[in-house]
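What follows is one chain in structure tokens, specifically the form predicted alone.
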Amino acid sequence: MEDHSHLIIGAGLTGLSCAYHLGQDYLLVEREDEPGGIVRTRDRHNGFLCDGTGHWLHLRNPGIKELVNKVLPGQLVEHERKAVVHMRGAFTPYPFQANTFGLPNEIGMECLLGLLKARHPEDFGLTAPTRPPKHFRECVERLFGEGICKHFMVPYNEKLMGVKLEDISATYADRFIPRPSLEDVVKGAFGFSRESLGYNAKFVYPREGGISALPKALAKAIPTPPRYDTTVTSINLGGKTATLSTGEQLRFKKLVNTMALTTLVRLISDAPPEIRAAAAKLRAATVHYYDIGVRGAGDIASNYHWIYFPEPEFVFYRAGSYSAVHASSAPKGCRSYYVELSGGDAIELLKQPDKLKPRVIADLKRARVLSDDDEILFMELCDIPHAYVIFDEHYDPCRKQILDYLTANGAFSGGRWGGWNYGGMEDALLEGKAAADMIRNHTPESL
């Protein structure tokens, strides 16, 4: 039986970051044949580099920015977001709540008046609520008013999550919902757009190799490379042992997990019944997406970085273009897209792929992302399990119960899947560093 001080499950960004900052005495196992996890570029149809939906780096933390530039020296290109919302045949810049100019007058007026009533109810003979919002829908209605919620916030997020917003905690809005000032909204209603709102207004992307360039560079920078094509099939957390898909058994002192938290609990043979019960209550939305390659000149909406589709008549909630961000992601004369589906009509159509594909094509043409003259070279349907965790009434208590149990037994579970949270690539790198710091410092509240 092998002995390892630290067993790290998963060579995605969190696992790689943990190994990088730990520096020694670890075993990093990865089920795929290369690093990155969901952060991975696939070469489709001889020259289309597809990243498994949009993976754009938002580097705000100085330490993580330094790390990424160290492993990818001179390889990052900065881009300004070119994102829009499609509504009633028009395109308005994202975020919708600060850019209603160009929409039909009745929609713009409804959104502006709704916001004024939400921010200054006393001017309309209304009384401001005194209790905290009960759920996400009530939270965004108080923040943005009925109009913005009716036309964008509610339909878009319900298509994304596949659940009613009343089922989601009010805290979901805290980080990823841009909150414009009243001045920004009024200016946006009259065409003085401010497109720099939100956490993703600017981003960086590797000059070569797609987003896989980052995890591959990190994998080369760590002292002991990952063991690929290897999974953990069972764990005895109390006994500090694990069995691998190769049949090997090993002992460890500390465990760092980045696979889905619910999957981890299933693999722990000695997990108490209450921990299994807590894991069974955690929910997440699976996102399906098409990678699409086309040849042709395109149409007026072909070159946006990504487009939001809140309207129910469009089967997808978002469509983005790899090649609009980085032209070399597609061969010369071609373009590449990812089209994301989750709730709404997609729920039933995903059971009927023979009907789903022509519907997606028709909707892309109706939105003028594709033209009638474009030649579709391939459409590859893929999925992302656990893409968006559902922040419902069970989320906080059940997640805390599981993580506390793991901590008490010398285990850390982090990253977007392992931490059962919502975060970007920088967050994943930060959590890997945090796990390494906890191990090195032996902090009692951590491991």
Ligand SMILES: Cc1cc2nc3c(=O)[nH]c(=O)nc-3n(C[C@H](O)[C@H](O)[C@H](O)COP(=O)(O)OP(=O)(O)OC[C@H]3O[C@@H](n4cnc5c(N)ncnc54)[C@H](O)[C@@H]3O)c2cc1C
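When you see a residue number, it is the position in the sequence shown, counting from 1. Not measured: the values here are computed from a predicted model.
Another form exists, predicted together with this ligand; not displayed. Remarks below refer to it.
**Q** Name the stretch, out of 52-60, 66-74, 395-403, 375-383, where some heavy atom lies within 4.5 Å of this ligand in the predicted complex.
**A** Careful reading of the contacts points to 52-60.
**Q** Pick from T92, T230, S169, T262: which residue has any heavy atom within 4.5 angstroms of this ligand in the predicted complex?
**A** Spelling it out, the residue with a heavy atom inside the cut-off is T230.
**Q** I'd like to know whether I9 contacts this ligand in the predicted complex, with contact meaning heavy atoms within 4.5 angstroms.
**A** I9: contacts this ligand in the predicted complex.
**Q** Do L27 and this ligand come within 4.5 Å of each other in the predicted complex, heavy atoms counted?
**A** No, L27 sits far enough from this ligand in the predicted complex that none of its heavy atoms falls within 4.5 Å.
**Q** Is E340 near this ligand? Define near as a heavy atom within 4.5 Å, in the predicted complex.
**A** Yes, E340 sits close enough to this ligand in the predicted complex that at least one of its heavy atoms falls within 4.5 Å.
**Q** According to a 4.5 angstroms non-hydrogen atom cut-off, is A213 in contact with this ligand in the predicted complex?
**A** A213: no, not in contact with this ligand in the predicted complex.
**Q** What residues in 22-43 sit within 4.5 Å of this ligand in the predicted complex, counting heavy atoms only?
**A** V29, E30, R31, E32, G36, G37, I38, V39, in sequence order.
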